[in-house]
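The chain below stands alone and is given in structure tokens; this is the form predicted alone.
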Amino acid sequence: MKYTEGPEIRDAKAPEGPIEGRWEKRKFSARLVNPANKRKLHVIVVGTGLAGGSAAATLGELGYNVTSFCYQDSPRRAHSIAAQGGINAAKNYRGDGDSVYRLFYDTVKGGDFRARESNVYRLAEVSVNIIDQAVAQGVPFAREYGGLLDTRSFGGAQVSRTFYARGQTGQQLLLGAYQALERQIAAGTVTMHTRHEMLDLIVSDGRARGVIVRDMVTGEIERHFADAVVLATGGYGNVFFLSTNAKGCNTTAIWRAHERGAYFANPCYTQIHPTCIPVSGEYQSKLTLMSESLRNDGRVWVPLKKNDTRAPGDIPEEERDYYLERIYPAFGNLVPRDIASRAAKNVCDEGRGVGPGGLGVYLDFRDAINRLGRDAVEKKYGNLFEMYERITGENPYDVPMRIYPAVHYTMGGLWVDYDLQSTIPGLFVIGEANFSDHGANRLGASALMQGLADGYFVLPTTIGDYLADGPFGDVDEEAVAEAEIKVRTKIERLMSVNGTRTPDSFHRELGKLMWDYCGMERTEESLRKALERIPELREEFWQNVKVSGTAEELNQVLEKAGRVADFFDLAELMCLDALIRTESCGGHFRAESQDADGEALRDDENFAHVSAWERTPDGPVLHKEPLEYEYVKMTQRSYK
């Protein structure tokens, strides 16, 4: 796949000066919209997870007219509900040395020095407000015996800064955002459209002015207009087919925006989560996450001997390899996710994996149960243990869990500036749908933090600076008609193929190809194979996909077909981005770029930049945004 290199791109909105004052400086310089004018302005928010739900609720509370869309039957079924372990915040309730600066440093380091300093510092600064907001909403965070909010540790940190609600933190935070959203729906400031899928972005006079959506129940194609559009549609991990994401998670909204001119940043940055229930068979359609919080008390190990098929209880202590504690004594089992995942892969590649096919390692709670007692462990992790037993039939109180890495999160996404605005004026992108805060690897418990920081605090401030110039007048009818025709044409094309293979069969094949060639480990050879095979498979898809039913009714096969078509195009860009970035950094591990210990070896001289891709009729164009560090020194990461 050929590409060309375009001019550098810069974040013109990022303020200068001491990093501690940059967000305050930007908040003050952002223009305000008076209450009477807010009532004249209209904002569309696509997605109702933590980012989208909190954004729509806050914008409605501020007095804007908001229209919200989700493809689920209720806003509270957004995938944010599946988050388990917790949310980071630099409250330092434990008095263990945490601070805004330490959270900032840990996040930049955890992202392998591939994130913007200004954005990450703002995230750490705002984190303390999120907890206060959630507590005020009634989110039932875990508390210590004396009534204070409890915290625990997550990967990449040596302090306890993660607030949690057992293993249901995402659910409880989403219910808080959901009730705030429902309050605004009842007040009339937010209009909610469930079971609607965004299929294109309307760009009029160079501005994002609306969306084309499909009513998933009736099949009707609808136009909706606004003065600004906010995408909060999550990540694209389901390009791998097997992931911890809900089956409905997709890339369609951000990819269609990319086709309209929004740059796509760092698509090759994908996160592999180290603690997931291993694949059990070819029939499987998704994977299940076991929270990173389990690594607080669970110890990860494999047998010292290769091909050891003994039951875990029959393997004596001296014949076990607690490999994370051995290799990384300073952080032990709480190293960042990319490092823990590669370490698990390495021991399995050595023939020391456990379970079917040798693709698993043990996560053992024996010592924690002996130290704390079963009741204490159950209070912390009871629902996670129950989930594991229901899926595997094994009781983790009696035998160790078996875990293996799986695709979980994507650090890449649409490029945004400090204001969270994309390269299309009026198109704002928040949460996992953008690229802005995590670099090449996200630390655990930071996704919920970013989603709520963007939705409750950042976007409501920065979007006002853009809307101060509004309302923007009538939308160009030709632009609307062109977008609608494009959507209808694609649907008709999918319906007319009438081949012999289901969309799922193509998706499964694409996902395996991506996992094998662009997964935990990438090489030039594997990526070139992928770039050769993806266009062939895409061509077969358009010649042989079978979409049953009609477009004028509820048709989940049609929905899947449209999403898989976008995954093909995205997969090609991901592999191209991974091929060009010949360094290893964070979750992007090139086998050709590793140090003597097998750790990721960055190339700061050539790759200390964001790769922002523009889609053009002549092929992809790469724009580089240089990353400059004033407050954190770029060093080779070490967790030893």
Partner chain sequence: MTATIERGSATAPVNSPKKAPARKRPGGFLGSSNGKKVVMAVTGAVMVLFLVAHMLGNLKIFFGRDSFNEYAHALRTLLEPIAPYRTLLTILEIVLVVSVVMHMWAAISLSRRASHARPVKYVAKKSQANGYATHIMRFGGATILLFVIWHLLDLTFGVVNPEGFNSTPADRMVSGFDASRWWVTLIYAVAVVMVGLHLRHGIWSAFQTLGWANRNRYRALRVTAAAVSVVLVVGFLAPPLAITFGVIK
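Numbering follows the first chain given and starts at 1. What you are looking at is a predicted structure, and each value in this text was computed from that prediction instead of being measured.
The same protein also has a form predicted together with its partner chain, omitted here; what follows describes it.
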Position in contact with its partner chain when the complex is considered in the model of the complex, options Leu62, Val33, Leu579, Val610, heavy atoms within 4.5 Å: Leu62
In the model of the complex, which of the listed residues (Gly95, Pro329, Gly188, Gly373) lies with a heavy atom within 4.5 Å of its partner chain? Gly188
Contact flag, Arg39 vs its partner chain in the model of the complex, heavy atom cut 4.5 Å: yes
Would Arg183 show up as a contact with its partner chain in the model of the complex if we use heavy atoms at 4.5 Å? yes
Testing 478 to 486, 302 to 310, 118 to 126, 188 to 196 against its partner chain in the model of the complex with a 4.5 Å heavy atom criterion leaves exactly one stretch, namely 188 to 196
Stretch 393 to 431: residues contacting its partner chain in the model of the complex, 4.5 Å heavy atom cut-off: none
